[in-house]
Structures are given as structure tokens and as C-alpha cells.
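A lone chain, given as C-alpha cells: the form predicted alone.
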Amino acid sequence: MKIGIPRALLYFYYGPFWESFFKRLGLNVVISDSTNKAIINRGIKVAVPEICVPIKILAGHYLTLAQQNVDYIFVPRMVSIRKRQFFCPKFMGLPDMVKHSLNFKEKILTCDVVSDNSNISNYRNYLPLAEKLGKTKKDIKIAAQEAEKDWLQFRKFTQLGYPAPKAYELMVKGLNPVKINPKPGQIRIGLLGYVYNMYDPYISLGIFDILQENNVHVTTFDMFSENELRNVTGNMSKVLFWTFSNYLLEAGLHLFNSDQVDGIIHLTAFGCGPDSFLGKLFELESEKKGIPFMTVRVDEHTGENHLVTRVEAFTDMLKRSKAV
């Protein structure tokens, strides 16, 4: 049996767990190719125009996998990974959107994912899959426990300062890397964005490569543990509505109020409602703390040259400021 996993949305955070889970059940796992023009065009044709770019990309990946002779395509309903906080409604309604607006609805494989923290390995989340996959409760439990070990190792590597794709590569190879620290005199930038914006090379237009070419040390929200950021927003009367938006808010406030960065870039996709609030909060904090801040907004039409020019100008400004 072949299980397809779209290389989109939370694949860049939970992909190591899901891939390990299905493989440990003895299933063949097919990951869709990296986002390209054909995939996103496929998604644009079937998605409503007003929806955000990451969801359009997910639709393209789903349809691409459906044509690759897979038996099922895994599209979980991400509900909550924090008490009294929830995912964006697009994530909670994703299986329904796929089922009712895309072809190949018979291929959808879904379950509700609920947890008190970012570790979603509780086997009970995946028991609804057992019957379709021809597995027992014991099979599901053992696979989830083993996949959890892989995911925790992956998270350990991201917290050492490795971007998620590199952390996954290190995990697969069984290596034990050292922590990445800024080099003397190196510009330090906090890159704040959802994992599916930062790590999808089509959406991000290779922003990590651009920053590295400009000798920049990059810090992202997923390089922190939950415990490091848990109390950052404790003095706020109200936080944002959605969990991953709050992850970014916490990481941003932490970076603005620490001596870890020289500047901050907010990478956001056009059409993201929560980011409109988040970006304004970052602007206010930037003015208060005197730390340079830039928003980079991308959509399916954004060109790489535009991004390169803005990022290089921002880093040049930081280098000159630091040299004074």
C-alpha cells in the first residue's frame, strides 16, 4: 500500500513524524516533489482565488500525488496543540475542503490531531486510520512511539540552529551535529515565518540561500523549544487566535527583547489574515526597541529578483549600521 504525503503546509514541521509513522507500519511512503510552477498552477486552477498561497500549493500537491498511483493521501485535520488554542480554520477544515472541492476524494486519508503541546505522537490520534490501513491498535501504538523518537531527534537538531530541511537530513543520516553559533562580526537576522513559507523553496524564493550568501546568521521560531518561549506573552492581556501565529509572536517578542539579532524579517504569504495582525505587532515592537524590521510578502507571482534586492539592501543596511 502506498501513502502519499504532500510536501506542503506542516510537512515542514511534522513530516519527519508522519513519514516515519507510515513507514514503521510497513507502508510505502511517497512524498510529492518540491513545489514548482506546474504544481502551483494545478492548485490555482481548483482553489478559490481569495485563499492564501500555501493552501493553493497544498491543492496542487494533492492532485499531483493522486496521479502517481498512491492508494491514499494523508491530509490530517490539525485541531489543537495547545490548551484552549486552535489552528487556523483553513487547517481545521482542510480535509473537508479537499473532499468537496478536489477530484480523487476517495483517496483522502485523515484523522483529527489534538495535543496539549507540539508533540502530536499520541497514538490515539491515529487510531481512526487503522481500519483503512489494515492495521491493529497495537500496530498504530508501536509505530507512533517509534516515530516520536525520530521527530524528537529532528526537533533537537532544529534547536541546534539547523533549518528544518537540513535537520531532517541529519536525522536520517544518524549524525550528531554541534550547535550553530554566530561567527564573530556576522550579521544576525531573525527570520519569522510559518514553516510552510520559510522552507518551501518556491514560496520563500530561496531566502535562506540568499541570507547565507550575504554571510548572515539566521534564527527562526522553530529553533526555540516551547519552554524557552512559553512565558514571553505572559504580560499580554490577549494573544492571537491561532497557535502557530502565537509561536511566531513569542519568538518575535523574544528576539526583539534580547541581544540575539541585529534585525528581523517577517516572511508572510499574501492572503494570510493572522499575519496582518502579527506584522503590525512586530512593527510596533521594532519602533519601541530600535531593531530594524522588514516585511517580505510573497504570492504566486512574486519574482526572485525582487526578493534578492530587498534582502540584500536590508542586510547591507545592518552591516553599515554595525560598522559605525
Partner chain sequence: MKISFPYMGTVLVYKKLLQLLGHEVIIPPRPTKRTIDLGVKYSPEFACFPFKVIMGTYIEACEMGVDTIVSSGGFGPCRAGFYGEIHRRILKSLGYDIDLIILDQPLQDKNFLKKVKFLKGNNSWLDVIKAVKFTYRLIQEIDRFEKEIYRLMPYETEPGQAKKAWNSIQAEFDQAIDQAGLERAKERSLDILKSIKVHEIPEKDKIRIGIVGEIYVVMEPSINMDMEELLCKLGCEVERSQYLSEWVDHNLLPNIFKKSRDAMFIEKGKPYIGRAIGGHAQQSVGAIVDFKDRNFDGIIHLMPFACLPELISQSIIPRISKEHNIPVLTLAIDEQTGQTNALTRIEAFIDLVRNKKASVNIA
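Positions refer to the first chain, counted from 1. Predicted model, so just to flag it, every value in this text is computed and none were measured.
Another form, the form predicted together with its partner chain, is not on view; read the next lines as being about it.
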Can you say which of 65 to 73, 22 to 30, 36 to 44, 273 to 281 gets within 4.5 Å of its partner chain in the predicted complex, counting heavy atoms only? 273 to 281
Can all three of 51, 89 and 112 be found with a heavy atom no more than 4.5 Å from its partner chain in the predicted complex? yes
Please determine whether residue 93 contacts its partner chain in the predicted complex, using a 4.5 Å cut-off between heavy atoms. yes
Considering only heavy atoms, tell me if residue 297 and its partner chain come within 4.5 Å of each other in the predicted complex. yes
Using a 4.5 Å heavy atom cut-off, state whether residue 223 contacts its partner chain in the predicted complex. no
How about residue 154 - does it come within 4.5 Å of its partner chain in the predicted complex, if we only consider non-hydrogen atoms? no
Find the only residue in 144, 198, 133, 240 having a heavy atom within 4.5 Å of its partner chain in the predicted complex. 240
From 176, 227, 215, 101: within 4.5 Å of its partner chain in the predicted complex by heavy atoms is 101
Members of 1 to 27 lying within 4.5 angstroms of its partner chain, judged by heavy atom, in the predicted complex: none
